[in-house]
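Next comes just one chain, in structure tokens: the form predicted on its own.
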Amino acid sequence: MKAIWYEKQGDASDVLVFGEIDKPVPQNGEVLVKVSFSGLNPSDTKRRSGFRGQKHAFPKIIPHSDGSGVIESVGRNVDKNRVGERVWLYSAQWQRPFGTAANFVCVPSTLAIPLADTTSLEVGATIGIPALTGYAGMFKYSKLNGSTILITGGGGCVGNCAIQMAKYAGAHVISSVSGQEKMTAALNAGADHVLRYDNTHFVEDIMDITTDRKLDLIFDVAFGHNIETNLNLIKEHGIISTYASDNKSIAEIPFQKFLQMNLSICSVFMYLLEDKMMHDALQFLNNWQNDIGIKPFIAKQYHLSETILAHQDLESGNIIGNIIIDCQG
């Protein structure tokens, strides 16, 4: 089969190789998926580059954890009726050497999730990391229905997906973004209000929107940078949930204020979601797909042979939307 792989960490153009590799065979409990589309996420490029000391875990790595496709065959102890099933994939390359940037991938059967008939394979490749991160970040301590929440970075892949999920769950959603195109993206996802986070009156504007009612939950993409602002927006007993702090990885927390407001901080690393949380997330995502559907947020599509360009585009920070790789043919 054709695949992309790397045998050392580094820049995409230096380490990614496109070529032929043996087609995998499903082992006990696994399914073999003919990959239609591979979803590219920041965690994939960070793992490839060794971001913040991440180790090169295997001699040869086929990248990408998310994807979509059709089950071609199954290993032992897997229902043979799954053959021919359209699925979306998550965590394909988490603690495993071979991910979805290939014509075929073998994964545990539990990581291949039936795809709703109304959801395209293209969109299916974008569900994994964005949707599971969004679910864990917003629903771990809250049901959201009737809540007023802030989703920062609403023009990003996780933020955009989170807006859609929160609206489906019945929340009143405010989002913050860094530019006009991202504002449009957040509005298209369904946000009730979208503000520029660099507005000098950002806190006042949100308080005007809520008529001075503090927020129930903040789902944040820049925890270290936003601490002071978030403390001015969150209610007592509120929740600040975060999945990233790239620009300020070491955050100084004003503990006394957090203590006196009885705030909860929820950090989200979707690869380590507990079984009950994952079960609930998958049920929510199934209902969401079947009830109203996922709005596509795909910016660019590349052929498998163009994966270097896809990685470079993602790392440029100039792409608004998901990047997917066509692995067919």
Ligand SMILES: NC(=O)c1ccc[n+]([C@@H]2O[C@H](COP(=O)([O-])OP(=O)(O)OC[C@H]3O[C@@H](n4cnc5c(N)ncnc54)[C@H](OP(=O)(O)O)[C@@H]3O)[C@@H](O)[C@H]2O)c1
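None of these values were measured; they are calculated from a predicted model. We number the residues from 1 along the sequence you see.
Although it is not shown, the form predicted in complex with the named molecule is what the next lines describe.
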query: Heavy atom within 4.5 Å of the named molecule in the predicted bound form - residue from 110, 178, 199, 184; finding: 178
query: Position in contact with the named molecule when the complex is considered in the predicted bound form, options 42, 29, 293, 50, heavy atoms within 4.5 Å; finding: 42
query: Interface stretch in the predicted bound form with the named molecule - options 205 to 213, 97 to 105, 75 to 83, 225 to 233, non-hydrogen atom within 4.5 Å; finding: 225 to 233
query: The named molecule contact at residue 46 in the predicted bound form, heavy atom, 4.5 Å; finding: yes
query: The named molecule contact in the predicted bound form: residue 268, any heavy atom under 4.5 Å; finding: yes
query: Residue 139, heavy atom within 4.5 angstroms of the named molecule in the predicted bound form; finding: no
query: Exercise: residue 246 in contact with the named molecule in the predicted bound form, heavy atom 4.5 Å; finding: yes
query: Within 296 to 326, the residues that have a heavy atom no more than 4.5 Å from the named molecule in the predicted bound form; finding: none
